[in-house]
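Next up: a single chain in structure tokens, the form predicted alone.
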Amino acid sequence: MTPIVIIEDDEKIRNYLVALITGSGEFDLKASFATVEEAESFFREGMGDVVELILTDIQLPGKSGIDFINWLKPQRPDIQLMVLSIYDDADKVFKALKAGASGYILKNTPALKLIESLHELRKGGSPMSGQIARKVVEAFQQSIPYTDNKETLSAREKEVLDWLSKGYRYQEIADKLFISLETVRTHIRNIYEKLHAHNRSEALRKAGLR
């Protein structure tokens, strides 16, 4: 069974988690704590050396769950930590993930789904509640805007690409556009580079012309 530790200050929720996890018959609950300070002492004294998974709340008396992740992860990069919280704001989510949490689920997660998330965490996955995953995706989209490589082509390069899509040869394109054959070749090299293509077929496909 997989050794696990719980950090949760709400006694009712902590008792529920203890019963759920031990009752699953698949996890070996080594300890449960109400504070980060208690958990830190447990690990400092070497009693947590075999622990593989940690389920922790964020808002705790004294140090926060994120403080604990920041403290433990550099010492135990092998350990997998998952946040169980009522908070779904992006700031807490990203602070937890940046600190080293591998998963983030909400406290309203059904019991079966929580156990499934622990299985996923154990297997190296990153379980997240649906609305948490959506926030991660939205933040990623906002920070790295999508760029259509085709839009980086110049007007002339688009003309050349259009003639290519119609099956014209280099010399025929040069005649159509009243430019030299070498200029056509230069445009095509630039097109390939901008579209990250290696040949005509790939360039046309990436430009949506085939």
Partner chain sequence: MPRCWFLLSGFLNLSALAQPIVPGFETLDVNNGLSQNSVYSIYQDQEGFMWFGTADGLNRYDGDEIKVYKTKTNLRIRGNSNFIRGRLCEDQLHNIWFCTETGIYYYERQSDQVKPGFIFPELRSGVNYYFLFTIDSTQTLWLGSRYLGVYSWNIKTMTWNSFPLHPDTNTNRVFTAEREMMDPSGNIWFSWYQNDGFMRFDIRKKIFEHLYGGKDYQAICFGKGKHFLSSEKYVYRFDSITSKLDSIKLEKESRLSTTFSLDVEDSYGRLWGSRSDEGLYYYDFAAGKMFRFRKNYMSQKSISSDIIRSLFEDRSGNLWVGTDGGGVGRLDLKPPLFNIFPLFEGQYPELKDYFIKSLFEDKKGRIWFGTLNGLHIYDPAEGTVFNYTHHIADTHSLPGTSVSVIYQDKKGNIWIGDNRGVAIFNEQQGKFIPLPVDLSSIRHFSGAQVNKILELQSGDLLVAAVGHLLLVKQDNKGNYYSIDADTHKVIPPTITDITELDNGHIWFVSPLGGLYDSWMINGSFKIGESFFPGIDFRSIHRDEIDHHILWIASGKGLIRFDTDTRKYALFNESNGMANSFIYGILEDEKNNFWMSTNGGLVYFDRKWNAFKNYTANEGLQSNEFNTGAFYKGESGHFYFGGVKGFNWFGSFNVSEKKKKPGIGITSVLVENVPYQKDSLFFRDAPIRLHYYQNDLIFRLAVFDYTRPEANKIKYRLEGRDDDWVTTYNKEIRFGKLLPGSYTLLITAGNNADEWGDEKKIAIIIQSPFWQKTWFYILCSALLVGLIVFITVNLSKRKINGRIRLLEKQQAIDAERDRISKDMHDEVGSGLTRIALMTELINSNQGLDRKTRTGVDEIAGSARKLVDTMSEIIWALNPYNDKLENLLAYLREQTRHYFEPFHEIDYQIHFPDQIPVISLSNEQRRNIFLVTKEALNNALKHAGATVISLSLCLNGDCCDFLVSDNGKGIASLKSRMGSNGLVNMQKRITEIGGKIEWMERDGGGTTVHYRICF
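We call the rigid core the largest set of C-alpha positions that still match within 1.5 Å between the two forms. Numbering follows the first chain given and starts at 1. Bear in mind the structure is a predicted one, so any value in this text is a computation, not a measurement.
Quick note: we don't show the form predicted in complex with its partner chain, though the next part is all about it.
S.K.: I'd like to know whether Lys12 contacts its partner chain in the predicted bound form, with contact meaning heavy atoms within 4.5 angstroms.
M.R.: Within the cut-off, so yes.
S.K.: Although its partner chain is absent from this view, report whether Tyr192 comes within 4.5 Å of it in the predicted bound form, heavy atoms only.
M.R.: Tyr192: no contact with its partner chain in the predicted bound form.
S.K.: Is His119 close enough to its partner chain in the predicted bound form to count, meaning some heavy atom within 4.5 Å?
M.R.: His119: no contact with its partner chain in the predicted bound form.
S.K.: Taking its partner chain as it sits in the predicted bound form, is Asp89 in contact with it (heavy atom to heavy atom, 4.5 Å or less)?
M.R.: Answer yes; at least one heavy atom of Asp89 falls within 4.5 Å of its partner chain in the predicted bound form.
S.K.: Taking its partner chain as it sits in the predicted bound form, which residues of 152-166 have a non-hydrogen atom within 4.5 Å of it? Please list them.
M.R.: Those in contact are Ser165, Lys166.
S.K.: After superposing the rigid core, is the C-alpha displacement of Phe42 2 Å or more between the shown form and the other one?
M.R.: No, the C-alpha moves less than 2 Å.
S.K.: State yes or no: after fitting on the rigid core, is the Cα displacement of Asp28 between the shown form and the other one at least 2 Å?
M.R.: Not so; Asp28 is displaced by less than 2 Å.
S.K.: With both forms fitted on the core, check whether the Cα of Ser64 differs by 2 Å or more between the shown form and the other one.
M.R.: Superposed on the core, Ser64 moves its C-alpha less than 2 Å between the shown form and the other one.
S.K.: Hey, the CA atoms of Lys98 and Arg134 end up closer or farther in the predicted bound form than in the shown form, with the change being 3 Å or more?
M.R.: Relative to this form, closer in the predicted bound form.
S.K.: In the predicted bound form, do the Cα atoms of Ala19 and Ile132 sit closer or farther apart than here, given a shift of 3 Å or more?
M.R.: Result: farther.
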